[in-house]
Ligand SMILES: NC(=O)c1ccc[n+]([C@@H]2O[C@H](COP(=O)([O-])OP(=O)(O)OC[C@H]3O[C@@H](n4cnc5c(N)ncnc54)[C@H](OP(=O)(O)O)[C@@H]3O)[C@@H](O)[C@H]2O)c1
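In structure tokens, one chain follows: the form predicted on its own.
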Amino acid sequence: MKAAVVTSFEQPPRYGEFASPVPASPHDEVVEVLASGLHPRVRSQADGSHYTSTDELPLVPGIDGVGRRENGELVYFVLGDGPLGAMAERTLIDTRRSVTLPADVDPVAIAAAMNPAMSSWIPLRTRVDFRPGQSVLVLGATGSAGRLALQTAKRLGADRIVAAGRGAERVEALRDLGATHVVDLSAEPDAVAAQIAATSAEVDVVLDYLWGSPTEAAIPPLLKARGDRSRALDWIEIGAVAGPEIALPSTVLRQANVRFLGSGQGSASVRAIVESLPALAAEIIAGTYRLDADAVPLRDVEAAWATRASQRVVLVP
């Protein structure tokens, strides 16, 4: 069958032949792939840099997608770690890691939105006790996942939503997606610290897609400005766009009631993730989320890999 095939971690996937999938357990099923999103997580899978990488080659990238079962039913599926991903004409799913979709659903919309929206939906629904009326800071709000995080927070009843990202015009535009306050991280460091302190001192949750130096710089002014430092703050680390490490002084953990959590593959059980998916899919189908998606034929995977547009690329047959 045709697929996007990675033969070297130094090169992008190429359109070529890959062995057709064969079920190996009662829960396995071959599905026709209708759409699969090119997420940052997929890029790290294809270049071997993700922490789950086994260095096994060749491989077909793609961690999720929309497929058609033999009975014609449409499903959204999440794949396990293995050499056969979703960017192929057909793939092998574990039916326990899939949810049924309406027959008239737009596969591209689901494939584009589920993975990035999941990054905020799951931690706010399962990792912390988030309640309507609470407040959220999104670090990295101008990225596609960050933009969806703003919309997730709004949908779940957040009262104050602070969007922090680079570029004054870009962050101001995030007010249309639910941001009540914005912080321009490209401003001078002292100005950024002042903005963080003024807008985010009393938030209940931080959804952090950046890590690295922006997080390192944001922690002290935010914690020092809290009116009641004993009030709980959950800092959820989701992505590391700005760097994989930070310097965290011990005094940070002693001067405020802050809890650092990671949210990613392994931090929540597969069962908890799958149980969260039907509600999220329903929100996407209902039009809760705004996300631009660009459908690209699977045969053009090399060209798609080279793009770094703001749109979410989705590979289709």
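Not measured: the values here are computed from a predicted model. The first residue of the shown sequence is 1; numbering continues from there.
Keep in mind that the form predicted together with the ligand is missing from the display, and what follows is about it.
- In plain terms, the part of the chain that comes close to the ligand in the predicted bound form, with a heavy atom within 4.5 Å, is 137-145 out of 93-101, 70-78, 199-207, 137-145.
- In terms of contact with the ligand in the predicted bound form, the residue from 218, 238, 110, 183 that brings a heavy atom within 4.5 Å is 238.
- Residue contact with the ligand in the predicted bound form: residue 151 places no heavy atom within 4.5 Å of it.
- Mapping the unseen interface onto this chain, residue 116 counts among the residues with a heavy atom inside 4.5 Å of the ligand in the predicted bound form.
- In the predicted bound form, the ligand sits beyond 4.5 Å of every heavy atom of residue 45.
- Shown alone here, residue 242 lies within 4.5 Å of the ligand in the predicted bound form, counting heavy atoms only.
- For the three residues 37, 125 and 178, a heavy atom within 4.5 Å of the ligand turns up in the predicted bound form in no case.
- Residues are counted as partner-facing when one of their heavy atoms sits within 4.5 Å of the ligand in the predicted bound form; in 147-169 only 166 qualifies.
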